[in-house]
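One chain comes next, on its own, written as structure tokens: the form predicted alone.
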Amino acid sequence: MTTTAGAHPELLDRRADYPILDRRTYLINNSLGAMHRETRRRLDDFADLWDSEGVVAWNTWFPEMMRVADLVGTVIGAAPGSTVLRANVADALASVASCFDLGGTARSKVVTTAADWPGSHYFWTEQVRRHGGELVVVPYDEGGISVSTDRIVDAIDDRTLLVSVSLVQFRTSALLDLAPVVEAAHRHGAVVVLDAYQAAGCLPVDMAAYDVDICVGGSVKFLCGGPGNGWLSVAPRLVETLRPAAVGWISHAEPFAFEWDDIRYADGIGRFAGGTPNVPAAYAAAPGYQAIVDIGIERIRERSQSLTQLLLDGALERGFDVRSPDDPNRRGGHVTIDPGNAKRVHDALIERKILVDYRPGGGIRIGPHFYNTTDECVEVLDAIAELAAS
């Protein structure tokens, strides 16, 4: 197979910022992005502040949390000051769900899909079961690659309260056609909760342009921000109307007043801040976020498409089953292939220090980022072919 450098080869100048690339063939950025070299220094900055300033460090930590949250907001097309850091998506969803009545009223239906993250499915299932609402899970289309936008739209009606969907499906990398879903939800008076975890950092997520109500995600994947860094963004037109029950002391308008009374909500997204934040996680994430902002998501998307197309075409040439969309415009940042005996092949790749992952019902997921090379993509395909034949 003839290869080129891929789109935007100048981005390879940044490989030195991700030290693991010198030690591993790292193609699993859809699961855990590589750590930026500045992360260690930023964690030292956090520790130095704690050590030298003690409790006074909060005067630096709180503004830094807001700054880092706005970096995420820039990546997902959210308005400044409308994003807050939370521990993870489950934590963010709990805060969101606590704003709504799922108690079997005339509008207590939640629409989601079989392609969404299992943890989110667990969450919505238990919420609906315990409160008496209705959960509609739109199934995969025949072939199990994607979920039809038309079927999601058809599931939305005047009884729908929330529509919770993923922009990129984690098993197959299928990209949702979001605009018709948002239009249908708003036409019926429903609120859209978009999970952009598999999208943020590798393709454009324009929350404002799509008129998305609420966006959740995390930093473990293409944002290269590491664990403990979930985020939640709420459209400014909506946020003041929401009254989350899952709150903490920092959700209060004056948290250091320590008032013993009904909560006075903080303005805007602050009401979703919850309790004491995960400050060291935000410090760790900042360099990864900043790199995405500095490069620009359009360049990253174009390089991602060129690398994933190379992987997809190469997999088909080698006779592997591909469980991701052929069209690069309908695909996220990874490709899922099944060479047969996928779990065994995956484990052998890890032993060779070629890092990918395996998902039951899908196969081997390969997720290059802007700092990966075409040679690495060919290397993994050749290794899979060798191992599958052995």
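Position 1 is the first residue in the sequence shown; the rest follow in order. Bear in mind that the values here come from a model prediction, so they are computed numbers and not experimental data.
What comes next is about the form predicted in complex with a small molecule, which does not appear here.
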In the predicted bound form, Phe320 touching the small molecule (heavy atom, 4.5 Å): no
Contact test in the predicted bound form: Asn88 vs the small molecule, heavy atoms, 4.5 Å: yes
Contact test in the predicted bound form: Tyr289 vs the small molecule, heavy atoms, 4.5 Å: no
Close approach of Tyr197 to the small molecule in the predicted bound form, 4.5 Å, heavy atom: yes
Options 164-172, 237-245, 137-145, 309-317; stretch whose heavy atom lies within 4.5 Å of the small molecule in the predicted bound form: 164-172
Contact assignment for the small molecule in the predicted bound form, among Tyr265, Tyr210, Trp117, Trp249, heavy atom within 4.5 Å: Trp117
